[in-house]
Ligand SMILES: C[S@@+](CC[C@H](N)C(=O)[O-])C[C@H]1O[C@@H](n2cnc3c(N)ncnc32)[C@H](O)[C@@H]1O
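Let's start with one chain on its own, the form predicted on its own, as structure tokens.
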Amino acid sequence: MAPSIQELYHDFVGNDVPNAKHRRSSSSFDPNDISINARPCDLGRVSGLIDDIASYNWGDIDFSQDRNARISLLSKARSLIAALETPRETLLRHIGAETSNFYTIVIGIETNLFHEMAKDNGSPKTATRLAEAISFDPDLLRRILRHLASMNHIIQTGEDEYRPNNFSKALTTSPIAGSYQFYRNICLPSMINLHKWLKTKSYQSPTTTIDNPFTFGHQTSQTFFEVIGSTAKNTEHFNDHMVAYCQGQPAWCSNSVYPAADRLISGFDASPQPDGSDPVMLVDIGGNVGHDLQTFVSHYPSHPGRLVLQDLPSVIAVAPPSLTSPLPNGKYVQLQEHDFFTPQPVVGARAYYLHHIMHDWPDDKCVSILSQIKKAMKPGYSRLLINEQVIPEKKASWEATYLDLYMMVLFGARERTEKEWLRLLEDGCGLKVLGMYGPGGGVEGIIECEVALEE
């Protein structure tokens, strides 16, 4: 019988002659001793991580359905890799393997490489055949395919022969492919120049939309959204990325995130408006093409009240036909052109909903946006729902921390911790936070607020 991973580890530690060096305390660290570069980064954690991974009852877990178990195992697996890698290996992965990986994937997207690989049910194909199909230098393609296989993004089935896996098949879909192009064209020029911008600002955080690493990296006076709107391709790739980012996340109005049936629908006032129209259940402010409203309808098809989608005229103009079709309850989504820096035209709605809005703006702009909504809210009845990350003070997920840094780079904005949300909403806007809902672990949650009553 093959040895278990625990036995292999304990064998390795037991037979490792320089093991005493591996376990030296941090107090004995000598910055002039470069041998540290060739030693595992955190060998002391390896045994515990292996035991944790081995303790999973593999036969009883469906990782395709149990997101929490899958994310937990992924976290431990990543921690194990980080602990076992040497600083040299981590360095080469960061600066070499992952950067070349990103750009060769983009090349594959732009040349339809992954579409060709997916043909014939993803059957194995030679590099020569693929090169001919996409008009590519065969020798160059072999080198690219070797690297993608070494990074586990495609599978090598024989000498000079490859087939796609689930990831490389996904690279043929517009949400995933468009996301790579969005980051290559829009995001990376900003992040690549972050260190230069910070040096010119004495390493102070950016706090404006017009002087930040994005404007510096792109050498432009335009804001992020102005650049996105300047070409059809930029807009297309941005929208692709929004779809990809939200896929696989629990629905914002599901019981695992925010119990909308109890918190919104049960308290809805169905009394007609003064003009005789139906009252409004939900206003999706800056809601793009209505993905979140469609999610709400799918969970509560017989919901009472009207739904309103608000965004800028250029966005409302491309809203899909499905939004103008009758809802299951016989009503329609109202499409409304609106700039959220101007007065909110829907007064007294049950809920005003913001998704991915606050993290695009520094605090002073957030206060301006929220003040317009607050004026339209009915005290004691209307709710403000903010769908965003709430970063924990300890053990934050990489899905939240990377996004925080990109919000800083692109907008001079941020993701926020619970304390930062309370400071913005309660101290800055005169709102009362009723609760913060969601599973955490990199999953966005709902921050529910109402107008704070004066004492």
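The structure presented is a predicted model; accordingly, all values stated were derived computationally and were not measured. Residue indices: 1-based, along the sequence shown. The term rigid core refers to the maximal set of C-alpha atoms that superpose within 1.5 Å between the two forms.
Another form, the form predicted in complex with the named molecule, is not on view; read the next lines as being about it.
> Of 237-245, 327-335, 293-301, 122-130, which is the one stretch near the named molecule in the model of the complex, taking non-hydrogen atoms within 4.5 angstroms as near?
Residues of 237-245 come within 4.5 Å of the partner.
> With the distance limit set at 4.5 angstroms and only heavy atoms considered, check whether Gly287, Asp311 and Asp339 all reach the named molecule in the model of the complex.
Result yes, every residue of the spot touches the named molecule.
> For Phe225, is any heavy atom within 4.5 Å of the named molecule in the model of the complex, or not?
Yes, contact at 4.5 Å.
> Contact between Tyr162 and the named molecule in the model of the complex at 4.5 Å, heavy atoms?
No - in the model of the complex, heavy atoms of Tyr162 and the named molecule never come within 4.5 Å of each other.
> Given that the partner is absent here, does Val315 sit within 4.5 Å of the named molecule in the model of the complex, heavy atoms only?
Although the named molecule is absent here, Val315 would touch it in the model of the complex, with heavy atoms inside 4.5 Å.
> Can you tell me if Arg383 lies within 4.5 angstroms of the named molecule in the model of the complex, counting non-hydrogen atoms only?
No, Arg383 is distant from the partner.
> Since exactly one of Trp361, Tyr180, Tyr258, Trp197 fits, which has a heavy atom within 4.5 Å of the named molecule in the model of the complex?
Comparing distances to the named molecule in the model of the complex, the residue within 4.5 Å is Trp361.
> If the cut-off is 4.5 angstroms on heavy atoms, which of these, Ile357, Val346, Ala170, Leu188, is the one near the named molecule in the model of the complex?
After the contact test, the surviving option is Ile357.
> Inspect the rigid-core superposition and answer whether the C-alpha of Glu337 shifts by 2 angstroms or more between this form and the one not shown.
Yes, because once the rigid core is superposed, the C-alpha of Glu337 moves 2 Å or more between this form and the one not shown.
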